[in-house]
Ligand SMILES: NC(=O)c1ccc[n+]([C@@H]2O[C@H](COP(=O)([O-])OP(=O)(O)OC[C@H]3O[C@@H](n4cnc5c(N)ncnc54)[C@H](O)[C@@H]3O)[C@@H](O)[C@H]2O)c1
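For reference, the chain that follows is the form predicted on its own, supplied as structure tokens.
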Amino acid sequence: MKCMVTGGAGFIGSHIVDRLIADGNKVVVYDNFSTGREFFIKHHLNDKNFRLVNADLKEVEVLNKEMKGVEFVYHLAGHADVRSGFRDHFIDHEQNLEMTQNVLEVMYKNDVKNIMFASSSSVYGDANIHPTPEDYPFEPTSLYGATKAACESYIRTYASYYDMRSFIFRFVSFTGARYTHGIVMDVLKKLKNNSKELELFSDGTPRKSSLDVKDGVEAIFKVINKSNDQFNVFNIGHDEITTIDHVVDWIIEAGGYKNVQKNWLGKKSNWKGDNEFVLLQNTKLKALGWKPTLTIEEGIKSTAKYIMENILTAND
């Protein structure tokens, strides 16, 4: 099958590319490298089944040209900094919703019948049911979450109009190799600058679930390979949950730091749009035979080690 992966040079997208190539597919990576890195996909550059397109999704003529012959779109490109929407009220709309419609419209024009979309637990907002099931209503507290919910609606509508198959996955935070932004990166950067005192913009009490990216990718392909439905919506998360305080302790331990003074500067999350309790129900996913292989602690620690060995070192 010929596949296109938007954002295919990014953290999650590059792992999707690895899996598709390993399974014998032809892959077009479409990425503007705003956050993606060639380092993550360089091992495919000489593969005859791999093509890299450095372009933006707003370049519709380029997107249309590269979509020729594609049978399945894995749409992972988008704006991923949830916090920035509080200051910039247009970035999520432009980079998530408008670019998703561009993808859908070009798919329609090229008669592409399959789409996978990277959504988010943020669509649920501050849910009052935990674990949160897929039929919980959209109640986003961030513009990021609101545009992800809108993207889901656009995808379902195009799929209904034009007989496409849609696979929508609502992720918790992913950890693992090629991780580029989030709490693990933020804490390690601060520790690199000051190994004795750590300022943290929270009070450590928010409870979060996370998942190793390889477990997440396995879940995605488990659904795609086993589901016969036209419309598919699946949570992808861990049955475990932990506090931010524990996450910080695991990062400190994995980094080899000792006697670090943690200074909690805020109350709860301390930034608008964040959700205090994130735990997704995975009943549908587990019914297909999936389960995570790493604990949250193992995922956080392995991510910290990866960043120290590959990212922070490379930026020295």
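Everything numeric in this text was worked out from a predicted model, so none of it was measured. A residue's number is simply how far along the shown sequence it sits, counting from 1.
Separately, the form predicted together with the ligand exists; it is not shown, and the next lines address it.
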Inset, instruction - Using a 4.5 Å heavy atom cut-off, indicate which stretch of 129-137, 158-166, 197-205, 75-83 touches the ligand in the predicted complex. - result: 75-83
Legend entry - Contact at 95, 144 and 173 by the ligand in the predicted complex, all three, heavy atom at most 4.5 Å: yes
Inset, instruction - Determine whether any heavy atom of residue 33 comes within 4.5 Å of a heavy atom of the ligand in the predicted complex, and answer yes or no. - result: yes
Legend entry - is_contact(residue 55, the ligand) in the predicted complex, heavy atom dist at most 4.5 Å: yes
Legend entry - residue 191: touches the ligand in the predicted complex, heavy atom cutoff 4.5 angstroms: no
Legend entry - Non-hydrogen atom contact residue 184 with the ligand in the predicted complex at 4.5 angstroms: no
Inset, instruction - Let me know the one among 112, 99, 244, 220 whose heavy atoms come within 4.5 Å of the ligand in the predicted complex, would you? - result: 99
Inset, instruction - Check each residue of 99-129 against the ligand in the predicted complex and list those with a heavy atom within 4.5 Å, in sequence order. - result: 99, 118, 119, 120
